[in-house]
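Shown next as structure tokens: one chain only, the form predicted on its own.
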């Protein structure tokens, strides 16, 4: 039988990629966390984490993390069904992976809903939606936003809706660089703002509508969805942003759309297929929030 105190310590080390952060999370010393992980590895006869910087889980460690997260959800379900069972008095927890643009817009109220309605502490991993499936496959999260319509192994995929992206600039920027319209030549001579050095969405937008490739245009790098809007408002770049992020600035005239081109990205919610009432409620909360804001994906 697994010792769940040892498993909890290992799971927190994997989730935080750090012995120190896991120790703070559990209110233990770093030495105690290290001893628990080592004892679990000795009992199972195999390594569970690779002690590098950052720490990463082995295949066995990932599998145990998935098991631990599943058990925590099932314990929460059992507490609902059998309220006389003694409880540790703590909050439930759920780990989810989202993309930055979703978290800045339609997803922003999800943690509040999950805490207010179900008493859940939400641990979010925020990454590009093309990469979130890795967190789900690794067992670090129970659900993830992805661009993939096909479910991953052991998961179910459900449509969330489409995020719509437009180009925005300040009025001053438009006058300075786009007085004759937005053209490939104009874009080569003025700065964009990229989320990262490989901004897939921006590259797709500029390639689709203007035939530009990465490296054909100068760009700032600002790894923040809200930072995109701020940089555009400051008049130092054009930005391709999710329409909800720019609505207020567009209404007040702080930003304008210099062209009508739009790019849409369909998003899907992937989650573990397991019998858990709590996970079902988490999934329905997320789907409900998405339906309130996002247009449906075309059939």
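Numbering follows the first chain given and starts at 1. Under this definition, the rigid core comprises the largest set of C-alpha atoms superposing within 1.5 Å between the forms. None of these values were measured; they are calculated from a predicted model.
Heads up, the form predicted in complex with a further copy of the same chain isn't pictured, but that's what we're talking about next.
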Check all three, 72, 142 and 210, heavy atom within 4.5 Å of a further copy of the same chain in the model of the complex | no
Let me know the one among 147, 137, 124, 157 whose heavy atoms come within 4.5 Å of a further copy of the same chain in the model of the complex, would you?
-> 124
Of these, 232-240, 260-268, 59-67, 36-44, which stretch puts a heavy atom within 4.5 angstroms of a further copy of the same chain in the model of the complex?
-> 232-240
Is residue 171 close enough to touch a further copy of the same chain in the model of the complex, meaning at least one heavy atom pair within 4.5 Å?
-> no
Exercise: residue 185 in contact with a further copy of the same chain in the model of the complex, heavy atom 4.5 Å = no
Please check if residue 179 has a heavy atom lying within 4.5 Å of any heavy atom of a further copy of the same chain in the model of the complex.
-> no
Counting only non-hydrogen atoms and a 4.5 angstroms cut-off, does residue 175 reach a further copy of the same chain in the model of the complex?
-> no
Can you tell me which residues in 200-219 come within 4.5 angstroms of a further copy of the same chain in the model of the complex, by heavy atoms?
-> 203, 214, 215, 218, 219
Establish whether a shift of 2 Å or more occurs at the C-alpha of residue 20 between the shown form and the other one, with the two forms superposed on the rigid core.
-> yes
Verify the C-alpha shift of residue 273 between the shown form and the other one: is it 2 Å or more after superposing the core?
-> no
